[in-house]
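One chain comes next, on its own, written as structure tokens: the form predicted on its own.
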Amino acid sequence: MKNACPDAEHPSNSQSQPHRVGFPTPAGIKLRAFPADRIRYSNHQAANLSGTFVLYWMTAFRRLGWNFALDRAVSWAEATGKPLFILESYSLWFPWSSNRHFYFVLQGMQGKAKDLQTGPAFYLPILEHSPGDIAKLLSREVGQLVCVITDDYPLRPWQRQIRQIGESLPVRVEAVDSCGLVPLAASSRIFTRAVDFRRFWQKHFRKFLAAEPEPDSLRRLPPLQPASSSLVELLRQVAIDPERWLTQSEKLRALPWERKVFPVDLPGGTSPARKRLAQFVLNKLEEYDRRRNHPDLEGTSGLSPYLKCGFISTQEIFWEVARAENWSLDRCLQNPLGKKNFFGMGAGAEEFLDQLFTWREIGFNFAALSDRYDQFESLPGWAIQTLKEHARDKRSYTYTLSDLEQAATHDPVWNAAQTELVTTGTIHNYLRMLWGKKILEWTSSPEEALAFMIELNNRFALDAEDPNSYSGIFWILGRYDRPWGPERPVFGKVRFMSTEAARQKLKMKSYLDRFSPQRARDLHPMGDP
């Protein structure tokens, strides 16, 4: 379902991908009703009803509730009367894996291990060292698998995993989409403007909301009975103990990281995500629209890393906001025009939900339909043309990747934003845009600027390697934007942003002090694992 053509609104050619039509469900097996546009079949194999376990391979949606993939696996376990085995993996071979990212995920694994210690499903966390390792491992005991359910996440490494498992196992493999409100298959159109995508999801909102995941589908399963099998024993031999890994830092340092980035203090997992959501809704939601752009006011939700790692879902976030607003469905606009006042909520809630549904999910739409979501050629034609026309313009300053990584520029605002990214794994939403615009201004070409932004963002940010973060990076260069005037050096018709304007209109004095590069170096030598 991928589109290879840049700047296209309707895909014109597709590549070999998992299919929407799979092998018929065996006679006598009654699965619960499930939204068909959330399922793709990675092969045309039948379910193995003589198998011992239904396996859910968790790779992206790292949560035990509000998860379509988990719901589907529970449905298969119910229908076949077989126990559910949840295998959660972290892939060391992914391009941007690091001890920072793994430590964050590991804390979530620790939480799930505790939650399922006496729960209705088997659970084991595992490391995948090389592509195809888990597929090879499961193929050794494939006769014990009824079927495999896995996460359908649109970026390249996850799609590779889906193909590998489908090609390797002679048993039914389903990839299930729990990325957001809008199913990845909801449209074959690549939306190039936010207003068009906003209008689209608003038009279909009632349908999307009605087909939501269950808050706790695991409760439908009976108590787990002790089981001993060659599959269980095989997986236990290679499983990791999250608690031991979190307390023995030498284990993290010993892994073959290509990029060594120290872990940060932000706690990973669903419980911390829910705590942060509750605090945001209680203390910040009402004034979100007025405070979110000011670094000193700390008015953002801070949920981006938790959404990226799948610790919390958009649907759960929506309903927490809706409850706080005493909202009901009849308050929605009947004839939406792509505007932000769709829900009939307060201005803060409307702005926040627009960020959650429009600006987050438009990136999933692009990544699901274009293989070139992370390539310069995927920019709109006007942006490519104007950037190339100005590629040789004189730069007032030029910096190397090392200069930028070390926050060693002449600009204290940019240095503070980079320092926040390096030391905390996050970066303030508004300053992230300015951060990218300055990289474009200070590098030798737009292609180099893109490469530097991807490297710095994906290396240090906890919400990196995500369709939403790619949207932010490519917005810097013109994606989802329009030509602007007057035409400027380096930028051409691409939107310009200046540090001077930001300092004039934003409250950031405390922020600049807190993220002084020298102060940060005293706390963490940059790059120290």
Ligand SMILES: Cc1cc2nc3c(=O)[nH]c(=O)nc-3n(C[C@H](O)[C@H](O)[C@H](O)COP(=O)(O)OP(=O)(O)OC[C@H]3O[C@@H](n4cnc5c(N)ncnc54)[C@H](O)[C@@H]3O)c2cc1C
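Model, not experiment: these values are computed from the prediction. Start at 1 with the first residue shown and count on from there.
Below, we turn to the form predicted in complex with this ligand, even though it does not appear here.
Visitor: Given that the partner is absent here, state which listed stretch (399 to 407, 377 to 385, 428 to 436, 138 to 146) has heavy atoms within 4.5 Å of this ligand in the predicted bound form.
Guide: This holds for exactly one stretch, 428 to 436.
Visitor: Quick one: from Thr270, Thr443, Ser304, Thr150, grab the residue that has a heavy atom within 4.5 Å of this ligand in the predicted bound form.
Guide: When this ligand is considered in the predicted bound form, the option within 4.5 Å is Ser304.
Visitor: Counting any non-hydrogen atom inside 4.5 Å, which residue from Arg360, Arg172, Arg198, Arg100 sits next to this ligand in the predicted bound form?
Guide: Among Arg360, Arg172, Arg198, Arg100, a heavy atom within 4.5 Å of this ligand in the predicted bound form occurs only for Arg360.
Visitor: Is Asp463 close enough to this ligand in the predicted bound form to count, meaning some heavy atom within 4.5 Å?
Guide: Within the cut-off, so yes.
Visitor: Can you tell me if Gly472 lies within 4.5 angstroms of this ligand in the predicted bound form, counting non-hydrogen atoms only?
Guide: So Gly472 counts as contacting this ligand.
Visitor: Decide whether Leu218 counts as a contact residue for this ligand in the predicted bound form under a heavy atom distance cut-off of 4.5 Å.
Guide: Output for Leu218 is no: heavy atoms all beyond 4.5 Å of this ligand.
Visitor: Tell me, yes or no, whether Gln355 is in contact with this ligand in the predicted bound form, where a contact means a heavy atom of each within 4.5 Å.
Guide: Yes, Gln355 sits close enough to this ligand in the predicted bound form that at least one of its heavy atoms falls within 4.5 Å.
Visitor: Answer yes or no: in the predicted bound form, does this ligand come within 4.5 Å of a heavy atom in every one of Ala47, Thr59 and Trp158?
Guide: No, the whole trio is out of contact, none within 4.5 Å by any heavy atom.
Visitor: Listed by sequence position, which residues of 260 to 289 have a non-hydrogen atom within 4.5 angstroms of this ligand in the predicted bound form?
Guide: If the 4.5 Å heavy-atom criterion is applied to this ligand in the predicted bound form, 260 to 289 yields only Tyr288.
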